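To begin, one chain is listed below as structure tokens, in the form predicted on its own.
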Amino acid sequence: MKIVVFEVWGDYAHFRIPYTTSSPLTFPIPTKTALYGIIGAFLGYPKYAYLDNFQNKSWQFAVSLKRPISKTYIPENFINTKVVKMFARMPKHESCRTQINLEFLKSPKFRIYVTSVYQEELNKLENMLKEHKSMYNIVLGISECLANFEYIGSFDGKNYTSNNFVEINSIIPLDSNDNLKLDLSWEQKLVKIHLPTEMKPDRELIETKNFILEKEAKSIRAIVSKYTFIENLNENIILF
């Protein structure tokens, strides 16, 4: 199995938790739907049709943290829609702005592992990364959070099962690991998160999953049902 690996980072990131409307919070890592957007930006998929290319779980990802999770709040000005009923007509003598604190990830860096049944598209992604090119700007969640990236390589991944503890370098999906056992004697700060994973082309959310991540960007020592070993990187990951 061919796996393309790259890293992406920026000053800030905001992967909005959808039910936090008045004070938007961020997921600690890019969701699978956000990764669809990043890959779509590399390959030039149109904004309103890119999800057509990611149906039926034709692309799989793994994500690892390369820096510990750090968060901060930044106030942003928005149009106050209670005052401005029509965006183009702002009253002259009334305040038309409202200020809201947004939660951001500070100096985030992630390693992304990608594979797909569409080998031609995967090869195209590989070439774009090698040449440090993208069709659209790469962002971490929202347009204000521009990102840089670096191609790490393309590697052969082999699937393994084990009844012994192994160090997993990526986040671990819980739903596909019925036999998951964490080594709690291992020094690690584990967090359980719930992420959106699949959307229809009309952006209707159709699947979510639970994950375990290590917030200090360390590996997770665990017994898992199945994992993928990348020999060249000496890393174990779990694709989802």
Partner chain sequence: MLVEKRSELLFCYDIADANPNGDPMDENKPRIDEETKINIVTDVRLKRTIRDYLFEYKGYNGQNGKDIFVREIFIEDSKGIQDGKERAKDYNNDPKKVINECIDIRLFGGVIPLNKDSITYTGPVQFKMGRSLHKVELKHIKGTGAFASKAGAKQQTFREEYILPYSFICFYGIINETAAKYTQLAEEDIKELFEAIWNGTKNLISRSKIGQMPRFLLKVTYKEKGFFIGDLDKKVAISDFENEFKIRSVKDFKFDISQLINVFDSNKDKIEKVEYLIDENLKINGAIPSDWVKLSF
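Positions refer to the first chain, counted from 1. This one's a predicted model, so the numbers in the text were calculated from it and none came from an experiment.
The form predicted together with the partner chain is left out here; the points below concern that form.
Among heavy atoms of M135, some come within 4.5 Å of the partner chain in the predicted bound form. Although the partner is absent from this view, E144 contacts the partner chain in the predicted bound form, with a non-hydrogen atom inside 4.5 angstroms.
Put simply, K47 is close to the partner chain in the predicted bound form: some heavy atom of it is within 4.5 Å. Although the partner is absent here, K85 sits close enough that one of its heavy atoms falls within 4.5 Å of the partner chain in the predicted bound form. The listed set N163, N159, Q99, Q119 contains one residue whose heavy atoms approach the partner chain in the predicted bound form to within 4.5 Å, identified as Q99. Annotation: in the predicted bound form, residues Y12, F104 and F149 each come within 4.5 Å of the partner chain through at least one heavy atom. Stretch-level contact analysis of 111-119, 163-171, 150-158, 90-98 against the partner chain in the predicted bound form, using heavy atoms and a 4.5 Å limit, identifies 90-98.
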